[in-house]
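Given as structure tokens, the chain that follows is alone and in the form predicted alone.
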């Protein structure tokens, strides 16, 4: 794996020329590494990392942690504030920076975050390869989830099992939410001490990272025989997810994909459960961050493009079953999309 993304370097050089910028900084911290990793794909372990790209094209990389500096052949700057001395025309990740770093730039820089995110949305062949590897890991991770879950196990114990499996099999990171219970469950969250019970609907959003890139799978499992209400709810969720998957292609908007899903719920009389009270998004992009924009919502008119990677997931609450989830990672192709997950599209039972 090459550490420098040469394709992104060329794109950034063109962007600087178009905007008249003399240089661009790409900042990352422990929470949001993605602006930095869009150019320098190194999974730094310290608190901060910075890549400076001037018009000459020579990249200077600075870290706050000595291990990172040694292993990535960058510069160590323990007083990381000094890394911003001299300023820059624009900064990707400006919104995530501490005020002292912004002040160290001298003059208030322009945010390049949205510009860089737009460049990242269309993936290179190499990036798609990493996402496919992450999808394979997500599939195997969910199979492990379904194999090890048992009544009496606590939510955090199941998540620990899955996390250990994924990390052992090469995941850099994994973003995972879970929920269990019945109609009282209105959303997913980090794991709790709750013990799984027969009849529970157990939902998870599993998002492993490989070489910087995330893929996601959303599935629902019932412990025991599903009730008629659970089966009916899943039929609606499956129809909604398929409506989006059948529609998504270049030229379709994020709003179109959201509306296709929501219209299925409206058809069955559950339109009241398509707003922000019950569901956050109907999907989102995937890449160096597990929840990249644009989000799949009816008020987002962003036009989807070839080689973007998205997940369409009609995750929401229904009074039939409580909260339920269902979704796969999709690669947008010239004429449609390809489902990258291989896990069976069904309501799982144990």
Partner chain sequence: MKRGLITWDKAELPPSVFEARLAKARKALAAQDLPALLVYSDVWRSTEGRHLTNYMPYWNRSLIVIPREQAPVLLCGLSPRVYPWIKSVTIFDEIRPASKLVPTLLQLCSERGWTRLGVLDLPRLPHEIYSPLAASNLGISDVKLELTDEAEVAMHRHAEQMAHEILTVELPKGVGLTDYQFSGRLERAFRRAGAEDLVLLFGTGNSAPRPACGGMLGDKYSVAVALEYRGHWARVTRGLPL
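Please read these numbers as outputs of a predicted model, since none were measured by experiment. Numbering follows the first chain given and starts at 1.
Beyond the structure shown, there is the form predicted together with its partner chain, which is absent from this document and is the topic of what follows.
S.K.: Which of 128, 247, 160, 122 has a heavy atom within 4.5 Å of its partner chain in the model of the complex?
M.R.: Exactly one residue meets the criterion: 160.
S.K.: Of these, 242, 146, 102, 76, which has a heavy atom no more than 4.5 Å from its partner chain in the model of the complex?
M.R.: None of the other options qualify; the answer is 102.
S.K.: Name the stretch: of 247-255, 230-238, 263-271, 164-172, exactly one has residues whose heavy atoms fall within 4.5 Å of its partner chain in the model of the complex.
M.R.: Of the options, only 164-172 has residues within 4.5 Å of the partner.
S.K.: Looking at the partner-bound form in the model of the complex, is residue 225 within 4.5 Å of its partner chain by any heavy atom?
M.R.: No - in the model of the complex, heavy atoms of residue 225 and its partner chain never come within 4.5 Å of each other.
S.K.: Please run the contact check for residue 323 against its partner chain in the model of the complex: heavy atoms, 4.5 angstroms, yes or no?
M.R.: Yes - in the model of the complex, heavy atoms of residue 323 and its partner chain come within 4.5 Å of each other.
S.K.: Do residue 83 and its partner chain share at least one heavy atom pair within 4.5 Å in the model of the complex?
M.R.: Looking in the model of the complex, residue contacts with its partner chain do not include residue 83, since no heavy atom lies within 4.5 Å.
S.K.: Applying a 4.5 Å heavy atom distance criterion, does residue 136 contact its partner chain in the model of the complex?
M.R.: Looking in the model of the complex, residue contacts with its partner chain do not include residue 136, since no heavy atom lies within 4.5 Å.
S.K.: Candidate spot 108, 176 and 192, all three in 4.5 Å heavy atom range of its partner chain in the model of the complex?
M.R.: Each of the three qualifies.
S.K.: Just give me the residues of 66-83, first to last, that have a heavy atom within 4.5 Å of its partner chain in the model of the complex.
M.R.: Those in contact are 67, 70, 71.
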